[in-house]
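Listed next as structure tokens is one chain, alone, in the form predicted on its own.
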């Protein structure tokens, strides 16, 4: 059975803290995500998302603070604009826009982290593996330098 590989860009102030709450509360959710903690969802450049797909991710999940609650004032609004512009570009590249998910999850919403992760994994599982020759299409996408990989051994 196909198990999707998900790259998760989580804001350290909200969504990452919500994921931590889910873990300390012993909530179970799909283990398909590799979490990259970023200071703000606004720090995620479209190049980072393209990099994730180029490197073999079947889906990308972005979690940030609720609109109006960003620790950096308007970072999440910037993210919202970027994702709305990027989704049609992904479609043009042959990548279903459903493979990119943006959700607002606060530090107190551990249950929402569980629900969003499980639903997104099911969505990507239904889409099947992303099996495109993206090397030519996504050349120039760089690894995110402002992200910290969490939970992976070196």
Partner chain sequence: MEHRIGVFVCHCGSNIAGVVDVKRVAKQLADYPGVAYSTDYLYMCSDPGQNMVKDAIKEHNLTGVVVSACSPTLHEATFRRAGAAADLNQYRVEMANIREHCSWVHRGDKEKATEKAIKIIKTMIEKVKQNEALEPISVPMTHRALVVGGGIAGIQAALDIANAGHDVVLVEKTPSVGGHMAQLSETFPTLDCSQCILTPKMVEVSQHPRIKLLTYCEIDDVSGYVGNFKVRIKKKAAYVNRDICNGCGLCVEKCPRTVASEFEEGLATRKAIYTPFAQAVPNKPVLDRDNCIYFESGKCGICQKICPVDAVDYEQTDEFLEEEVGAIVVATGFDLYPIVNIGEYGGGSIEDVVTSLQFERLLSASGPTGGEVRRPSDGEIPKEVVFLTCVGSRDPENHVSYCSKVCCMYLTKHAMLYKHNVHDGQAYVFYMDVRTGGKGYEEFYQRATEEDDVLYVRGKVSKVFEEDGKVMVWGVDTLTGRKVEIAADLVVLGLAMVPNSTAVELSKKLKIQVSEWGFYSEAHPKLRPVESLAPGFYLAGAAQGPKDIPDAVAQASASASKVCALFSEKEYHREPIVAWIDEDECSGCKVCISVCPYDAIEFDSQKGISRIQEAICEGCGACIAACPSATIQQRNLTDSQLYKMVSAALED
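Numbering follows the first chain given and starts at 1. As the structure is a prediction and not an experimental result, all values here were calculated from the model.
Below, we refer to the form predicted together with its partner chain, which is not included among the displayed structures.
With a 4.5 Å cutoff on heavy atoms, residue 73 counts as touching its partner chain in the model of the complex. Put simply, residue 86 is far from its partner chain in the model of the complex: not one heavy atom of it is within 4.5 Å. Taking the partner from elsewhere, residue 62 is found to have every heavy atom lying beyond 4.5 Å of its partner chain in the model of the complex. When its partner chain is considered in the model of the complex, residue 36 lines it closely, a heavy atom lying within 4.5 Å. The partner is absent here; in the model of the complex, the one residue of 45, 119, 126, 91 having a heavy atom within 4.5 Å of its partner chain is 45. Residues from 107-123 that approach its partner chain in the model of the complex with a non-hydrogen atom closer than or equal to 4.5 Å are 107, 108, in the order they occur in the chain.
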